[in-house]
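First comes one chain, alone, set out as structure tokens in the form predicted alone.
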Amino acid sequence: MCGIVGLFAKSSAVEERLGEHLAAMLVQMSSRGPDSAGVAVYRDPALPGWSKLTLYTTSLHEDWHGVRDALRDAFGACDEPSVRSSHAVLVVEADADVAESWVRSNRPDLRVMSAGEVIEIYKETGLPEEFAAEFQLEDFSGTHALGHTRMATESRVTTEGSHPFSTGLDLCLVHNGSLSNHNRLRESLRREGIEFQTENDTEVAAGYLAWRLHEGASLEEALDGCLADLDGFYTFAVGTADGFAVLRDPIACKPAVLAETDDWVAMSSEWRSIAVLPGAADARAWEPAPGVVYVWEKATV
């Protein structure tokens, strides 16, 4: 099953209430995925030369200020941690890939949920309504966001195995469906230098996109490549620093709906998630066509 939601703000009014709208959309998907929930929110860009890390801990008493001090010792400057439940965002004066590599080497007990200039990923097991309250989603503002509720079918119910998955800077993917060639593709991507943290097939799809983008493909070209290289049934929603994209496989048996107004673009597995948005009754709504890439980016909207 699983449920996907996405929201792209086209007005400052929606940006200011992005988290509130995202939470309402996510809760509507509870029946499609009660095992876990997660979001990727794009907001508060780091200053030039700085980057954002979203880190996850299994410890009930993590010393996030100690993590900050260690990053300061390594790179010279790191802001105060912004802590939400089991996650913390740290903004450090370093390139994102360098800072991420340092955490993986020096604090392997911490999981890097996301790295980049604007992305923040939060995810946890449990019901979407509980997740939204625990992480206080209503407090978030931002330009765009993706969310996912999971019905686990191919791997254990864990925080790490929940969506969204990020395998590139400011890149994330949420997925409804199942891939049949993910094991073979995972090994191929590992030979290209892509690292994986779980056995989830969605992380393989995210890794594929990261590889294609690194090779110079545009987001649309990378998603077009999915149609040839990924076997299975899927609806993908992909987040980048500039916006998000949606793709359904050529058969398109997994549900999806898109809608747009002057203030926002939204996608979901079901209309009921979009119906909670302001102005939804007057939105232009349609079912995304099979095998067609839909992209919304800040520069083009």
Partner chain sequence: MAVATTETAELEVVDLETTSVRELNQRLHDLAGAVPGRHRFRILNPSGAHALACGLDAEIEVEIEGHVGYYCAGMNKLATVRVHGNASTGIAENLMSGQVIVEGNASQSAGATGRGGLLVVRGDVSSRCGISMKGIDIVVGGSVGHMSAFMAQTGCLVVCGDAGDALGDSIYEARLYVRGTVTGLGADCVEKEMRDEHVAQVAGLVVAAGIDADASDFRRYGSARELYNFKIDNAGAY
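For clarity, every value in this text was computed on a predicted model and none was experimentally measured. Numbering follows the first chain given and starts at 1.
There is also a form predicted in complex with the partner chain; it is not shown, and the following applies to it.
Checked against the partner chain in the model of the complex, the residues T54, S269, S36, T240 give one hit for a heavy atom within 4.5 Å, which is S269. No residue in the set P48, H65 and A96 has a non-hydrogen atom no more than 4.5 Å from the partner chain in the model of the complex. Contact annotation: V292 falls outside 4.5 Å of the partner chain in the model of the complex, judged by heavy atom distances. Among residues of the shown chain, R43 is not one whose heavy atoms approach the partner chain to within 4.5 Å in the model of the complex. By the criterion of a heavy atom within 4.5 Å, E16 is excluded from the residues contacting the partner chain in the model of the complex. In the model of the complex, no heavy atom of A70 sits within 4.5 Å of the partner chain. For the partner-free chain shown, R248, P250, I251, A252, C253, K254, P255 of 246-262 come within 4.5 angstroms of the partner chain in the model of the complex, judged by any non-hydrogen atom.
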